[in-house]
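Below you will find one chain, with nothing else, as structure tokens; this is the form predicted alone, and questions on how it binds or moves follow later.
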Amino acid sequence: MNPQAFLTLHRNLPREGPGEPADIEWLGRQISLPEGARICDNACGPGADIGPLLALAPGAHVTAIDINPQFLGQAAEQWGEDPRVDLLMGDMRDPGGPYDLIWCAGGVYMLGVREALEMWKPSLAEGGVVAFSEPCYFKYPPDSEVVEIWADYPQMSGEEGVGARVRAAGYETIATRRLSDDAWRAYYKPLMARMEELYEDADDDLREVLIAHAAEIKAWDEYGDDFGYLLSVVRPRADG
């Protein structure tokens, strides 16, 4: 997939993956953050989650990190002058810190669950937690058609498999939540409108990207009950 064509499609989209404010509101009911909480939005994309994260605690501060200047530029349009927010271009492997909460919506698959959690442990303050969403099978064992959809992601597993990788990293799971259909629509609806806008004048590289995204959306439409994203809230174990 041509990287520039991918960015052309994703320019000015509100999100870079499934999600909704209700996910972060739910997170706030699972944990207790201190006043002035230090929060990292790791792999923040265009910054759709920054506002809900700020609402998690009085005086909260969000450090939003992404490696892509296009996405950071978009986030800066809303948050660039806000003293409660720092926007940093950087590698999600080393977010700095310490943080009371590291939030990562949909980006952990680029590192692996165990690998990401091990990398981030030094970035957590005492009592800090990580919340991340990870694709997984909701029907297990999955049908062969669903396995084929996720053939490029060999770590794909059921919900128990996600939990096992959390434990292997020396963490314990506080709570989990399946992302809703509304969370998927919040990503796909603007994406589909953008695809329709670009299709007629697309060159070969962009058309390839459009076809791949159309197949992705079709797969979710047909098999969305069998797979999705699992939001996990985890913390390091005392013996981890």
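Sequential numbering from 1, following the sequence displayed. Owing to the predicted nature of the structure, the values given are computational and were not obtained by experimental measurement.
What comes next is about the form predicted in complex with a small molecule, which is not displayed.
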So in the predicted bound form, does residue 43 come within 4.5 Å of the small molecule, heavy atom to heavy atom? yes
Although the partner isn't part of this model, could you tell me whether residue 87 comes within 4.5 Å of the small molecule in the predicted bound form, counting any heavy atom of the residue? no
Just to confirm, residue 105 within 4.5 Å of the small molecule in the predicted bound form by heavy atoms? yes
Heavy atom of residue 17 within 4.5 Å of the small molecule in the predicted bound form: yes
Full three-residue contact with the small molecule in the predicted bound form, heavy atom 4.5 Å, for 49, 71 and 110: yes
Which of 159-167, 90-98, 141-149, 75-83 lies within 4.5 Å of the small molecule in the predicted bound form, heavy atoms considered? The stretch 90-98
192, 67, 211, 174: which sits within 4.5 Å of the small molecule in the predicted bound form by any heavy atom? 67
